[in-house]
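Quick setup: one chain, the form predicted alone, written in structure tokens, and binding and motion questions come after.
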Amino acid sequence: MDIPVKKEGLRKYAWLPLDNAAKIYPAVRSKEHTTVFRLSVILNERVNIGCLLRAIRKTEARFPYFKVCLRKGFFWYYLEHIACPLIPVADNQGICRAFDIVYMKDALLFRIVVINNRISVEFSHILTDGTGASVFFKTLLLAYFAEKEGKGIDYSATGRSSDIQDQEFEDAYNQYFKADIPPVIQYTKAFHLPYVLNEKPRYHTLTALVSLAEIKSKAREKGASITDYLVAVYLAVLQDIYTEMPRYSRYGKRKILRVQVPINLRQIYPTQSLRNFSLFVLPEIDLRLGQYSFDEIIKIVYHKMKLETDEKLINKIISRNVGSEKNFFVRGIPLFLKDLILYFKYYSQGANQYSGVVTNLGRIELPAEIEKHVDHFVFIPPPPNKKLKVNCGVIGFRDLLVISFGNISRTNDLEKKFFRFLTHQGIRVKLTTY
């Protein structure tokens, strides 16, 4: 049974301002740096297109605030609801490709792509983050299997009800903004990989299946979480890459190795928002102080993650980000100048400050009767910018942890070192085609 969305209800989604995190993406996105990420499910059988089409109709009705296009105002971008149907497309045109955004035309900011036994959703970060996308995707899968079995959709498996909640499309940053909070300390510039960029189209991926039990066991041995462990491995690999560089190549290179780790703020603040609601922790090691053992690195990461996910420190970052948006002078700057300022700030105060990104979406939970039809999930991070060159995305399902690297350089050296490190720790790693 389709979810009815009355015309008066659609007025709520007819016009939405971008959330605080989304405001930077229209200014920095390009055909290569698309800001688009992907979630995929690999099924044990070929996709039934008829069931999928019916499931899409029900799912898009449940999430009308995602059916929007990007518009340009004089001072800010905004989202406008459009009524065009969501049509799945064949998965043969490249991963995480840019959305064809023409401001006077209707173009959605997410898509569903299908091939053989794989269903994927791709979302622009303008619209939502990994958590919002995963709730939509799980709902789509529940609707798909409900269609196959001739049953109703059990929304409880997504942690949501069948009713659309107003809080789901609110800007939660504004909701938890507090004025008069002290400013955040600015970070210094960080080391960037010395790799040469690949020829266009640059973006390629490498995915591996890892034993969840084995990596959890290794992390517990160190008194850390899986995310802490993976970030520590990433830093250890960056240290190896720096150390192996010829001495002359190190000249002028920064010696701060820093990894950006997105944090789901819904775990700290109670909200049902499915728009962007995440911030970043930046664990680092400083090679000016000498070489670090892995035990030293994981200790640093553990304490940094604990400290910077404290609610009071998170309040400082929200206050800085939202406060600048509310500034009377900033609000009065025309959009074309805001774009230039945001582009400059992204590279001078954003991408310059970290050496890599590790995004862990956590473990996907599905009802047992659906799990048996699923082999694994994959999370493909957005194409990195030309400074970072490599991104890492992680997602868990049942007894597997799936680690995917997105790369725009000519070498997979970092990925090879990363998986070799895990293998040397006794963790089984199986590279897989995607």
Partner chain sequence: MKFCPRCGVELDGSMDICPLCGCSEFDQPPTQEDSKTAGINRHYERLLDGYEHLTRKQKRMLFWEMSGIILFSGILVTLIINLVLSKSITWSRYSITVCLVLFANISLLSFWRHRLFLLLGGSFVTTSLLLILLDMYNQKIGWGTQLGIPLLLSFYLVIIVLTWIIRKTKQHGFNVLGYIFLSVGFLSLCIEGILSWYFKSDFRFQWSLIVFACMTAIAAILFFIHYRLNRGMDLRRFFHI
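Note that the structure is a prediction, hence the values are computed from the model and not measured. Numbering follows the first chain given and starts at 1.
The form predicted in complex with its partner chain exists for this protein as well; it is not shown, and the discussion that follows is about that form.
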*asked:* Is it the case in the model of the complex that Y354, P367 and L388 each bring at least one heavy atom within 4.5 Å of its partner chain?
replied: no
*The unique member of L307, L197, L340, A90 whose heavy atoms fall within 4.5 Å of its partner chain in the model of the complex*: A90
*Name the single residue among R254, K72, K216, K222 that comes within 4.5 Å of its partner chain in the model of the complex, judging by heavy atoms.*
K72
_Interface segment, criterion being heavy atoms within 4.5 Å of its partner chain in the model of the complex, picked from 44-52, 27-35, 395-403, 379-387_ = 44-52
*Taking 4.5 angstroms as the cut-off for heavy atoms, does I115 touch its partner chain in the model of the complex?*
yes
*Proximity of F99 to its partner chain in the model of the complex, heavy atoms at 4.5 Å*: no
*Answer yes if any heavy atom of Y77 is within 4.5 Å of a heavy atom of its partner chain in the model of the complex; otherwise answer no.*
yes
*asked:* Residue-level question: is R331 within 4.5 Å of its partner chain in the model of the complex, judged on heavy atoms?
replied: yes
*Interface residues of 16-34 toward its partner chain, as seen in the model of the complex [heavy atoms, 4.5 Å]*: P17
